[in-house]
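Heads up, the chain below is alone and in the form predicted on its own; it's given as structure tokens.
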């Protein structure tokens, strides 16, 4: 199903987005890369082309509506259509609510939520015309708020509401809407997050947490699109969290409280 499909992947110079670009490109998809780091993005575009993958790149900040519109227009100018949008770009911040600066909280919401809103709105008429797919990369942090990750949890919970609203509005249009609840995924060594003051710092190692290989995550996201599935929770921990939160949210609260107090 991927052959000659034009696929925009936001946040595609690292991690999951990068792996998706490689795998979809190897199946014949036409890849549109996006990230803020222009040099790294261009290097990856050239890497894909050297492997025979049809790819273009557009460096821009998806938290800005004008950049999302420009990315869409650039895609149309090069490939003349858009079939699939994967809203993958995201950023996390860590710190207690009392400590995190307001502009840091705002930045996380702008990227994780508004970036998906702006990008979706930019491509929606074209996706409707082609009866394509819009995929959102969520998180188990969007199931129950996590202490010290409040901004990230808020952004991912709001993303669920946006995807649910969109799915209802697009009923009978032939457009597929998907939302993947990711768990702890193998980190790209270059991955960063915001500290409480807004400084970009390296993502901490998760040596005590079992992480899902990025290739397996990319494979499951692709399968969701292929099967046009709406929601999927990827890890056993995520499935358990989702189940318990539905039947006994107080228990989830107590578990999280216990873990938080140990740190």
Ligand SMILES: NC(=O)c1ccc[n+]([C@@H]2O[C@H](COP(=O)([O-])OP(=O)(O)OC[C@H]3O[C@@H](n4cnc5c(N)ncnc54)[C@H](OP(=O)(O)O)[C@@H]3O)[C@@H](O)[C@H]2O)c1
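These numbers were taken from a predicted model, which means no experiment stands behind them. Positions refer to the first chain, counted from 1.
Although it is not shown, the form predicted in complex with the ligand is what the next lines describe.
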The ligand isn't shown here, but in the predicted complex which of 195, 61, 226, 47 has a heavy atom within 4.5 Å of it?
61
Here the chain is shown alone; which of 120, 153, 187, 160 has a heavy atom within 4.5 Å of the ligand in the predicted complex?
187
In the predicted complex, does every one of 111, 182 and 191 come within 4.5 Å of the ligand, counting any heavy atom?
yes
Within a 4.5 Å heavy atom cut-off, is residue 31 in contact with the ligand in the predicted complex?
no
May I ask you to check whether residue 37 falls inside a 4.5 Å heavy atom distance of the ligand in the predicted complex?
yes
Is residue 88 one of the residues lying within 4.5 Å of the ligand in the predicted complex, judged by heavy atom distances?
yes
Indicate whether the ligand has at least one heavy atom within 4.5 Å of a heavy atom of residue 16 in the predicted complex.
yes
Looking at 98-106, 166-174, 131-139, 78-86, which lies within 4.5 angstroms of the ligand in the predicted complex, counting heavy atoms?
131-139
